[in-house]
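First, one chain by itself in structure tokens, the form predicted alone.
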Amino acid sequence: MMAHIELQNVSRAFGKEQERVLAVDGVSLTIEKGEIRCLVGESGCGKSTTGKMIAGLLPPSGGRILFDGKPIDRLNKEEYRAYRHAVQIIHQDPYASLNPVQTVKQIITTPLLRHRKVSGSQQAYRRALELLEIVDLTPAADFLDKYPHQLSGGQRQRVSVARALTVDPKFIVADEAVSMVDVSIRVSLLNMLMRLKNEFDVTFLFITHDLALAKYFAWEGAISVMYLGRVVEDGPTPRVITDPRHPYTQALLAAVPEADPELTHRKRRIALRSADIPSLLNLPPGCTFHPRCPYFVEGECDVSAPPLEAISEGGRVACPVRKDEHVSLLIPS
């Protein structure tokens, strides 16, 4: 089955009347089969809510989500079942996403048996061993009788990945999948996810607040940058990283620490007008980034919300003031 997700002007609101919060506001996004797409932004920007809507865990308040060209709210029972199998999510917190009273064997074999991916308990046992081997939990037999509290954070997350693989997914939403594990094992988890993409032809939506992780994992893919519920810039990863156009993207990249001290010293500092993020209950008019933007133009930026516009170098930028300006974040030596 082809794994292709398209969001058409998708929104998601929470609460009622005066307490209504628009967590996702008119997001349009296309994720092609086999692509790695990173969704990047600060906490509270709506990226996890977007991922949950794509995975079918939250219904959109407005707009449409298409799976293989069909709106998911119009799928029949069998089509919807296939969609829920094809699109899986790896949650951020491996401590909370696994049932603490089930062994690893139960966690892996239950969906195999429930969705009839195997013909019996013996085949489920063998398949569980295979899946644990795939996610680099070896020797696999040593993990089957353990409970989640007996595993490290990285091992729990690998079990979460193995569980997602039980239904043969074609699209995986990885929601901050490595943010709660030790830095020393993040790269090994990312390499494991990359291997799964290549071996099983899995499409990834990788949600993260860390542009350094996005750069590493999706250099051959694409990045979409979110701010207060809206996508403000997207495009091929090399272009977004080396030639960011939106001031918010520039600020995020300027804050990424560099391993080379010389690069750190040469990096430009983006002087934001304010460090405070506006409340979702009282969003500013026009571009929601304008109270913080160093390039603010009165009478333009605070009047109307800028649309995402295509640029010739690839991708889209929601900033008519800066979308055509090339900015190097490194000061010439």
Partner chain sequence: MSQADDAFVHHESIFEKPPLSLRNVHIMYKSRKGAVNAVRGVDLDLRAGESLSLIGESGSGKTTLGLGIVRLLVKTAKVTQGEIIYRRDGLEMDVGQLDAQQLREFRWRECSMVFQSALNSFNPVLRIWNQMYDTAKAHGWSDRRAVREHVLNLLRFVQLDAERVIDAYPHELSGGMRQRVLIAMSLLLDPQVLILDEPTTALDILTQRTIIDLLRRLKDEQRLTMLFISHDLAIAAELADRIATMYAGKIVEIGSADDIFYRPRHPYTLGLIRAVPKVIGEFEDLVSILGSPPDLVDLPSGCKFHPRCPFATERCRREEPDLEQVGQDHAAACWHWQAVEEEVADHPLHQSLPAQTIVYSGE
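Residue numbers count along the first chain shown, from 1. As the structure is a computational prediction, the values presented were derived from the model and not from experiment.
Just so you know, the form predicted in complex with the partner chain exists too; it's not on screen, but the next bit is about it.
Undergrad: From the list 198, 119, 152, 138, which entry has a heavy atom within 4.5 Å of the partner chain in the model of the complex?
TA: Contact with the partner chain in the model of the complex is made by 152 alone.
Undergrad: Name the single residue among 78, 142, 258, 130 that comes within 4.5 Å of the partner chain in the model of the complex, judging by heavy atoms.
TA: It is 258 that has a heavy atom within 4.5 Å of the partner.
Undergrad: Would residue 182 count as touching the partner chain in the model of the complex under a 4.5 Å heavy atom rule?
TA: Yes, contact at 4.5 Å.
Undergrad: Hey, in the model of the complex, is residue 292 touching the partner chain, heavy atoms inside 4.5 Å?
TA: Flag for residue 292 set to yes.
Undergrad: For residue 206, is any heavy atom within 4.5 Å of the partner chain in the model of the complex, or not?
TA: Close contact is absent here: in the model of the complex, residue 206 is far from the partner chain, nothing within 4.5 Å, heavy atoms only.
Undergrad: Answer yes if any heavy atom of residue 269 is within 4.5 Å of a heavy atom of the partner chain in the model of the complex; otherwise answer no.
TA: Because a heavy atom of residue 269 falls inside 4.5 Å of the partner chain in the model of the complex, the answer is yes.
Undergrad: All three of 103, 123 and 192 touching the partner chain in the model of the complex at 4.5 Å, heavy atom to heavy atom?
TA: No: none of 103, 123 and 192 comes within 4.5 Å of the partner chain in the model of the complex.
Undergrad: Only one of 302 to 310, 40 to 48, 26 to 34, 58 to 66 gets a heavy atom within 4.5 Å of the partner chain in the model of the complex; which is it?
TA: Stretch 40 to 48 is the one.
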